[in-house]
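Here's a solo chain for you in structure tokens, the form predicted on its own.
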Amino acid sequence: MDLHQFRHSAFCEKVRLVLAAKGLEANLLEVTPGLGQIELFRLSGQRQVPVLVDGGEVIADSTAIALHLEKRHPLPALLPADARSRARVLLLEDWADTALASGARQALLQAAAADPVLRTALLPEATPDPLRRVVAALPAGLMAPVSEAVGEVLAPCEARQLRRNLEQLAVLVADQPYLEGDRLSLADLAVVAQLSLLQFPGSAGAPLAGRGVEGLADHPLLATLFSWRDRVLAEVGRA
């Protein structure tokens, strides 16, 4: 299998977690923004990652890929057999991929605008060193309008909602190992993938490991949540 990806995409991380949970391996092919996305369009009919090539099948979208892998490799199961539990898992996964993903992405972009180490570390691996130095040297005041121009500013009410949601997640995992039932599910992996944008885990490597969104990554009420995230990562061998 080949996984066409961006290293720091939460949706690509979600697929990598599904592969790890099922003990599967795939060749990770980093897509170069721009030219690489044109090539990806020729392959899959769209420019967004992740895209999985499994034999003769080309599957786009993290949820579609997860469902494909669940069908092709049913053990260990990431979707419960019980219809109600399965529905709750899929609803939580959808929430993670939409509302949580939107808040996490905007929060990270704002944090990167203020943190030169963070924004240069998030650049594609193929970025030339001279350009990295230019990006790192840009004052935070010049970066803020960029966030506004692309519509990725997290309004105060949205920031409060994101924090409340994360605090509720922390309550959910404080006394239970998983979000639904007593086994790892797709819901856990979808949420863990998004949390990795707010506080980068050790697997992100230097200089990202431990960095994240100020006010969330270091929020004392969220320490339990990030500890749970790290435990799930360790369970699937991605710590």
Ligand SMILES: N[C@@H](CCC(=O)N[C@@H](CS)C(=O)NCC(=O)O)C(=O)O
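The first residue of the shown sequence is 1; numbering continues from there. Worth saying up front: this structure is predicted, and the values here are computed from it rather than measured.
Not on display, but discussed next: the form predicted in complex with the named molecule.
Q: Since only the chain is shown here, I'm wondering whether Ala193 would be in contact with the named molecule in the predicted complex (any heavy atom pair within 4.5 Å).
A: Although the named molecule is absent here, Ala193 would stay clear of it in the predicted complex, with no heavy atoms inside 4.5 Å.
Q: Does Ser44 reach the named molecule in the predicted complex if we count a contact as any heavy atom within 4.5 Å?
A: No, Ser44 sits far enough from the named molecule in the predicted complex that none of its heavy atoms falls within 4.5 Å.
Q: Tell me, yes or no, whether Val49 is in contact with the named molecule in the predicted complex, where a contact means a heavy atom of each within 4.5 Å.
A: Contact with the named molecule, yes.
Q: Using the partner position in the predicted complex, report whether Phe11 sits within 4.5 Å of the named molecule, counting heavy atoms only.
A: The answer is yes: Phe11 has a heavy atom within 4.5 Å of the named molecule.
Q: Name the stretch, out of 22-30, 60-68, 202-210, 177-185, where some heavy atom lies within 4.5 Å of the named molecule in the predicted complex.
A: After filtering at 4.5 Å, what remains is 60-68.
Q: Under the 4.5 Å heavy atom criterion, name the residues of 16-43 that approach the named molecule in the predicted complex, in sequence order.
A: Going through 16-43 in order - heavy atoms within 4.5 Å of the named molecule in the predicted complex - there is one hit, Gln37.
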